[in-house]
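Coming up is one lone chain in structure tokens, specifically the form predicted alone.
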């Protein structure tokens, strides 16, 4: 190689044109590498989600009905919803249902996860049994609870009558507040396994040496939970509770099979009312407006998960290089 060629090669190296430079930077950039791996799935999901979302937004601003494309009416459907008492009742029911069920699922799921994290006989079998409520199809679970809550043949009423605690059958699904609590209990029963198993996975990532060191230092059980378990489990809690809230807020099958929103709309959630107005009632525009009204809350839940993950990065002292 002549002197001129050697000078050109040296300049190229000094300028950063070295073999494998881009691949080396890509290998050390977790954000870029993650984006590349996620891109095919993002394109696939975007095609299946963007079109229905766009169609829903369009329908919410039209007077469309089944068999009639309707015409553009702007925000008229949303204005009409603000004057609809049934809509506001469904908003109240949705928030009551979501908040009470999510809090109970978290508390009971965390307790169950901590119990299952201990060593005891037949632990694997018990974990499998715990998953049963989540594995059973939602419709079958709803039918089972519908039988349990039957106004005449409810086993709950029969047991309480036999114990002398009540003197008449309880109308679980015929009384508005009884029906609300009945469907909330059914949702809690179904959702606890998801929370428990996910939190159990998080608990098993915590090093036992941390608990041993805290015990040697004289920390009580509550202090170990507060200063070790809870902080290290916070990122997992953020994610699992986000999914739990989303699943609960958009619940449809359980309510529709058990009560269809009754009695007197007392168990209608925004999702079931949207279905009733759009599909059963044929008012596609009104039903779409109800669905669109759910989006701000769902975005709030996603942001909650995002900030939970941000806290995880801060706790671990990591950076996205």
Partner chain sequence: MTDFSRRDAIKIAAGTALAGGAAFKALLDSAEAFAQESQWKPEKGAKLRVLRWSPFVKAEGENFTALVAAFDKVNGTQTRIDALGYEDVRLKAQVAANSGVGPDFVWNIHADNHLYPEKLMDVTDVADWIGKRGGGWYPIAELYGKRRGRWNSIPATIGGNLLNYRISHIKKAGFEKVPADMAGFLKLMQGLKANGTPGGFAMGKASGDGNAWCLWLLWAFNGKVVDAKDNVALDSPETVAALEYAKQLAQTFVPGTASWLDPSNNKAFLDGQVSLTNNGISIYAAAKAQNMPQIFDDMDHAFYPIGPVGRPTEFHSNYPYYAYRYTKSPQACKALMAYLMDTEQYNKFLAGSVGYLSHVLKAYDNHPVWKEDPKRLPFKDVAARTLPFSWAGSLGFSSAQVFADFVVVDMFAEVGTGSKTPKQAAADAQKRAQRYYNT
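What you see is a predicted model; the values in this text were computed from it and never measured. Positions refer to the first chain, counted from 1.
The discussion below concerns the form predicted in complex with its partner chain, not included here.
- Checking 236 to 244, 77 to 85, 220 to 228, 98 to 106 against its partner chain in the predicted complex, the stretch whose residues place heavy atoms within 4.5 Å of it is 77 to 85.
- Of the candidates 66, 41, 36, 50, 66 is the one whose heavy atoms come within 4.5 Å of its partner chain in the predicted complex; the others do not.
- With the partner omitted here, the residue from 72, 122, 177, 147 that has a non-hydrogen atom within 4.5 angstroms of its partner chain in the predicted complex is 147.
- Remark: residue 197 does not count among the residues lining its partner chain in the predicted complex, judged by a heavy atom distance of 4.5 Å or less.
- A residue is said to contact a partner when one of its heavy atoms sits within 4.5 Å of a partner heavy atom; residue 280 meets this definition for its partner chain in the predicted complex.
- Within 4.5 Å of some heavy atom of its partner chain in the predicted complex lies at least one heavy atom of residue 259.
- Put simply, residue 291 is far from its partner chain in the predicted complex: not one heavy atom of it is within 4.5 Å.
- No residues of 112 to 138 lie near its partner chain in the predicted complex, the criterion being any heavy atom within 4.5 Å.
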